[in-house]
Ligand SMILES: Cc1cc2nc3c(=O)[nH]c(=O)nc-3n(C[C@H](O)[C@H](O)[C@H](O)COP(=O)(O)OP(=O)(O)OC[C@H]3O[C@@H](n4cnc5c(N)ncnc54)[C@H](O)[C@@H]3O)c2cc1C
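Next up: just one chain, as structure tokens, the form predicted alone.
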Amino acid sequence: MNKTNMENVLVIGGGLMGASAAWKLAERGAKVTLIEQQEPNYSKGSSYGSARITRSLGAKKDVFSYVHNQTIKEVSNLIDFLNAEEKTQVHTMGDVYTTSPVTYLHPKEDYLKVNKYRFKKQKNDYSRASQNSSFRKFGMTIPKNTFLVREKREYSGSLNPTVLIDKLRQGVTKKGGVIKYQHQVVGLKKNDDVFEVDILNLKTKNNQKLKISKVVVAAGAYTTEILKDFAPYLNRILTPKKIALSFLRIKDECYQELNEASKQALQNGFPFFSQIGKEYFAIISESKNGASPIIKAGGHQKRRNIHDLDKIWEEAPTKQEKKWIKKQFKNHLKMLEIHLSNKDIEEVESYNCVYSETRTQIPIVTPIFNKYRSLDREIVIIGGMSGIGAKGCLSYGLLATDLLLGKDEKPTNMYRKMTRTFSNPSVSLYAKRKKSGRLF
């Protein structure tokens, strides 16, 4: 029997990263148990919601473009598997992806960087516009000393994490995996090469101890808490952060007064990602025929530390944070030649999005050191997504699977680059330790 068929693997965290890893492990034949502290329908967490920006634009051999494009292939394979299992074409790529133009606003000093996007396989998938040509090309009036880039490629636009998580979980169970909802890991240690994991059933309050040979931890902001005894140094590498998000819409009476050209400009103007300042971003979260679309907006670099991780989910964004988002949204509409006052824009809801962040803001998918400073290759963490993980989730899940079970095919050059980019940070950081018992 193949060795991978005998592996018992525990995946902690059932969001996009954990579900992606669980699916790839189950696909390889591992016996997977997936632990998720929430109910099947998410109510909080970094994977909560119905829209994430997906974009593949980048310089030649850009690793983030690679993980996006590989994830599209992996999602397609998942769709094919689910349809084959159900013997009907129930699942489609359109369930997960909405293809739409992605618009980037750059400062003029980025021009040479953006010029690197013009290579053979990509040059027809995007176009640029200066301040003078932006309205003629894209129907947008932009500030001085800026320029626009618009990407138009299949499956660039937005991804629905709720739908994708559901399909990944279906794949796990159809492969024989077990998913335990409303369960929380409260202890993790290793004895005699076997992980002993204490799990609390949040519904019955009963405890269970599992003995597992391999572990993936993809618990977002809770990763360091789960591993505080096994790998205490991780709190120096992964830091929980929050970003305020607001869901805004033009009031119905104002929206109905817009002409058809303005309504079309509104649809074409999202997703939008500014590369200036706090990096305002906006994406259509919900759109119904004849109704004003609901727009999710925030600032990618408006990140805040968290005092109490358990209480942050109930805390609302501050007035200042919501005011900033609304101001940026209003300015965005002005670029689309839709001129409104504050009273014409209503807030549907606002909440804090929470995730983990590394110092470099680059994700990590890597084995970790135990408290005895020995690298343990039987446990892998997926973390530090910094709000950019969704578009490459299945690539990160694939990498975690290969780190645990070994790669089953010859790696490409871009796969090697992905491994170098995401799989070495904890090793490098640990090597910089200045004093015994300290990481930095």
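The first residue of the shown sequence is 1; numbering continues from there. Keep in mind that this is a model prediction, so the values were computed, not measured.
There is another form of this protein, the form predicted in complex with the ligand, and it is not shown here; the text below is about that form.
- Contact check at 4.5 Å (heavy atoms) against the ligand in the predicted bound form: all three of 14, 222 and 387 pass.
- With the partner omitted from this view, the residue of 255, 281, 138, 369 that lies near the ligand in the predicted bound form is 281 [heavy atom within 4.5 Å].
- The partner is absent here; in the predicted bound form, the one residue of 185, 212, 72, 345 having a heavy atom within 4.5 Å of the ligand is 185.
- Note on the interface: of 411-419, 35-43, 398-406, 371-379, the segment with non-hydrogen atoms within 4.5 angstroms of the ligand in the predicted bound form is 35-43.
- Taking non-hydrogen atoms only, residue 300 approaches the ligand to within 4.5 angstroms in the predicted bound form.
- The ligand is not drawn, but in the predicted bound form it has no heavy atom within 4.5 Å of residue 57.
- At the 4.5 Å threshold, heavy atoms of residue 245 reach the ligand in the predicted bound form.
- Although the partner is absent from this view, residue 353 contacts the ligand in the predicted bound form, with a non-hydrogen atom inside 4.5 angstroms.
- Shown here without the ligand, the chain has no residue in 187-204 lying with a heavy atom within 4.5 Å of that partner in the predicted bound form.
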